[in-house]
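Form predicted on its own, single chain, as structure tokens, below.
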Amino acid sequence: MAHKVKLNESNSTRVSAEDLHRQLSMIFQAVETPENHADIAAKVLVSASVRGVDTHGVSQVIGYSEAIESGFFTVPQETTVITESETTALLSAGNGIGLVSAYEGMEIAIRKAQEYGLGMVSIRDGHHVGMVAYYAMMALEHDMIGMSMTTATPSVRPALGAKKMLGTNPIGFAAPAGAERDFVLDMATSTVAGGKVGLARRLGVNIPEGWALTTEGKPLTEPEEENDRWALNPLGNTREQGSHKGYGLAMMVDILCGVLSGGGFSRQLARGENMTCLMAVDIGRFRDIDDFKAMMDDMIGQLHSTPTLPGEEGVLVAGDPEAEATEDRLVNGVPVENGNYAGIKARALEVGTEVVI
């Protein structure tokens, strides 16, 4: 059933990535976002849609720009260093656009890794950062391993629990390969990202059993608006299937992002707050980069060649579906759900900028 919540030609409109970037940047600039920050925010959102992570993609410009206009986000913003060492930094996002502060934070982590081999940044006073793997992927062009994670307000129950206590607390991890595609892991620590429930609701389709439970422990298949009567399941879902693992990973993210930064763990966050942690590792400080990539190719190639279960076409490695989506969408345009497509155009007119999509 999960495939039914995906975009297709009947419920979406194709738009070029270039036009989407231009439109989003124009909307951000129209609500007083500086051009360089508007371009960063647009780049992160369009990248998510290009990679098929539609829940964290271009449609987010509507809510972000409204948050800027209302003063919920502080714009123009300044990402400031609170404390730092050669390899670490604690930053304040200044209550600004999370996409921008996370991007600038990862730039700092990469610079530290270039100089010292490792860079780790924890960010507080922040907001939603979009597709979390984007920031891990920033390390790839520098022949580095990247890691990124972010907290969120509660939407997930702990293992054996019946109340929302943790965010979806996603994790991104990226490592470069040679001839093979780069390894890019982008995962929520819940059974499914919360945005997929929202997408199912907008498309009017049910969600599969196992994604969410009511507070009485009954499977939820008809997605409701956010309320306290249901919660997403931790990755693993049940005790027998390892729900403690997703629960533990969610806590790990809360510790590295919220407790380490002092910004607060999931239950302490106000709606819309997110704390973030970013890391970069210079592979060349450990071994020759070409040898590393060759071993990555060997590992990925062996996994791809694994015999499949009956009825399956082939074994995938993290990042494969997104890479395939990218190949299609850069050529044929990015599908934007029809309601969101209309909403973006309406938002452009509302803020007084040109419609270019």
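If you're wondering where the values come from, they're calculated on a predicted model, not measured in any experiment. One rule holds for the numbers: they count along the sequence shown, beginning at 1.
What comes next is about the form predicted in complex with another copy of the chain, which is not displayed.
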- Query: Counting only heavy atoms and a 4.5 Å cutoff, which of 66 to 74, 45 to 53, 304 to 312, 25 to 33 contacts another copy of the chain in the predicted complex?
  - Reply: 304 to 312
- Item | Ala133 within 4.5 Å of another copy of the chain in the predicted complex, heavy atoms | no
- Query: With the partner left out of view, is Gly117 within 4.5 angstroms of another copy of the chain in the predicted complex by any non-hydrogen atom?
  - Reply: yes
- Query: Asn227: heavy atom within 4.5 Å of another copy of the chain in the predicted complex?
  - Reply: no
- Item | Contact test in the predicted complex: Glu240 vs another copy of the chain, heavy atoms, 4.5 Å | yes
- Message: Counting only non-hydrogen atoms and a 4.5 Å threshold, tell me whether Ala17, Ile40 and Leu99 all contact another copy of the chain in the predicted complex.
- Response: no
- Pick from Val81, Leu160, Ala270, Ala179: which residue has any heavy atom within 4.5 angstroms of another copy of the chain in the predicted complex? Leu160
- Within 4.5 Å of another copy of the chain in the predicted complex, which residues of 72 to 96 have a heavy atom? Give them in sequence order, or say none. Thr83, Ser85, Glu86, Thr87, Thr88, Ala89, Leu90
